[in-house]
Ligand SMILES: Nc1nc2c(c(=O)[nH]1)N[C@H]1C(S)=C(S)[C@@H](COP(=O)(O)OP(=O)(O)OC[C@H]3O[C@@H](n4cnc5c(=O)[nH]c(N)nc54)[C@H](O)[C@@H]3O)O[C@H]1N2
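A single chain comes next, written as structure tokens; it is the form predicted alone.
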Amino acid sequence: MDTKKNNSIDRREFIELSAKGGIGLASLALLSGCETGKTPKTVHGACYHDCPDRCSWHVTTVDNEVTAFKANEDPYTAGKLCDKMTDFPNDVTFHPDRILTPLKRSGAKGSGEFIKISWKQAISEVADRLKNIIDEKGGEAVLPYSFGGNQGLVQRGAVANRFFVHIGASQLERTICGDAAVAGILAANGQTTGVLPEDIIHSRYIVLWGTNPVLSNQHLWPLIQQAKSNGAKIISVDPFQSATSEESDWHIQPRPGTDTALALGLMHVILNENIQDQDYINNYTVGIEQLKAHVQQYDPVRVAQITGLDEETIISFAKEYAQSTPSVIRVLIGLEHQVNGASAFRAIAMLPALTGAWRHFGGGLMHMTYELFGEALNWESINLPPELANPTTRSINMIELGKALNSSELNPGIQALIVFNSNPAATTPNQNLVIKGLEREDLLTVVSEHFLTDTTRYADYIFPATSVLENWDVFSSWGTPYININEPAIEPLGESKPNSELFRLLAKEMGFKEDYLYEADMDIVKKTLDSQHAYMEGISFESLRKHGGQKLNIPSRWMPHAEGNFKTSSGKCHFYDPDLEQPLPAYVPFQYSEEEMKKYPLHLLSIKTPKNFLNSSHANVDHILKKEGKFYLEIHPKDADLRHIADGDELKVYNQRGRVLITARISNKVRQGVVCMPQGFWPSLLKGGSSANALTSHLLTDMGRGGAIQETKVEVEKV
């Protein structure tokens, strides 16, 4: 292997690599087949991001260059991509900084210094090191780390999961987002699928609780506006004055982390005012007497003290909600990131049963839709094969990655970290502890990626991953009832390969013979769609290739709980469940020490306020960063005055875990005592090299083992 200095690659030299790989930014010049003399090809695909919308699109290419990239005209995408994806081919696939060849670290970890090597050499060296680690320490010394960077059923982990279970690797609890919410709703309703997105147009009282669809659910927002034009009232419940709150009829702004108390306070008012739907309660719920006794402690006076809201706001909100028909509560993920996260969702999920909102078309709770696909699809090719099912190796929570990488108690310790579809150095809580672990010289870190992210800078080996325009996949959705196929629009650029192929090559190099490790991507897609379930009537591999996204064949008036039919053990909504550790949802605030409260008196919200990023994706693209503007901390005028901070001042936000440098923005978007910092920025591209997760902790939620990242206290000062 040639390791001369002139073979080292820095960030700028990726541009040269890209040119050699056949990339040209003229790819979106919208050339026609007539102009080039070549026949255009059009295929259907879908957005791979962790987003409830799952946009459907079609891509036209000529000679491996994209000439058109447009949204499909299906009822949900409706001919419009979200603002973050309109220039996706240039922003990702054809970006000049894209990694297009395997790289091996040549400098210190974190330096971003690499040399080019061949796939053959990279696979051989990684396989040898993995075999040595497994022989010496056992398979549990290997930890996979992946999440929502690619939500295709194939590239998310169909082959990767088999590989890791086959070698006996530690299991990763992928709970950082969604699991606390699901745990809470399942405790009440037994399922998460309620009102479907397109049916919100029939609602007349829409509560957007801890969600910001103007930015993060952009295809739902026009439907909400349509409902409003039909007479609906829009209420936003959010501790931050979001873009959605500004467009709503009423913004209710509780203190962060107090949603459970607010929901229980609404129940108190509804029951004490006798405006509940007693007939629905009698027929389709259990535990009303226990709930009624329980919520007496959540009277408006006490709830006002907890939430910081006026008593009249709590009373009026409860009455309006209970007496409006149809009423719907839209929740997504935002309010789960607190110690009471699951309890908040559990309490909120009880409200539609208390008021009988489920009886009405467009009424109830709107959350996720993934359960529809759990029934509809053939999961044989996605799930683990029978011989690998129910692995018994240890589990490590992804939120506690920093703790795991630095632990002296784990036996065996983590000796190899294999990352794909994720950028944990930016997105995982307790960032500095994560980076400390990534700096370990004895840790083998392997990353499959598009760009030199904060995580890849610590990698020993980087493998170039295909983009969604270059590989087969099938996409279910956790936010809509539409299924999409993804057909490659172009051949993989440079030496990029799908995640699935990376794990097939590793399996082969390690000498594994089992057929389940080598199933081809297209075969997995075809088998997954080969289902006889009624929801899949009229949907097939061929129809999706022809039409793009299709809606599952579900009833046109989807009303899952109009007559009960909850998926709980009793078939009813559970207000009370004696089998749970906490039979009733309760507000149990996190207890900070007196010293921590004194040193760090401000409550930090770190949320998805950027308009142009999708989580942390696209946050490295120059024109997007320019459009997004400065990295701001929202701070209340009174908190700013107390610290002699003026608008535009450069600040240090800090606590016992780290510090972040940021610009002050004085506003009333936050309550006094609360500051807000955006999630999504890459630490390496910020002054000071730290982002919001340098301040968050790996504290877990009450149920679901999610990340309570909003339970963060900080102090702020000028620099």
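Not measured: the values here are computed from a predicted model. A residue's number is simply how far along the shown sequence it sits, counting from 1.
Not on display, but discussed next: the form predicted together with the named molecule.
Across the options 540-548, 161-169, 125-133, 329-337, residues that bring heavy atoms within 4.5 Å of the named molecule in the model of the complex belong to 329-337. Among residues of the shown chain, Thr67 is not one whose heavy atoms approach the named molecule to within 4.5 Å in the model of the complex. In the model of the complex, the named molecule sits within 4.5 Å of a heavy atom of Thr466. In the model of the complex, the named molecule lies farther than 4.5 Å from every heavy atom of Phe631.
Contact annotation for Pro492: none of its heavy atoms lies within 4.5 Å of the named molecule in the model of the complex. A heavy atom within 4.5 Å of the named molecule in the model of the complex is found for exactly one of Thr93, Asn421, Ser381, Thr285: Asn421. Ile176 is the sole member of Ile176, Val303, Ala318, Leu401 with a non-hydrogen atom lying within 4.5 angstroms of the named molecule in the model of the complex. Contacts of stretch 600-639 with the named molecule in the model of the complex, defined by any heavy atom lying within 4.5 Å, are made by Leu605, Ser606, Ile607, Lys608, Pro610, Lys611, Phe613, Leu614, Asn615, Ser616, Ser617, listed in sequence order.
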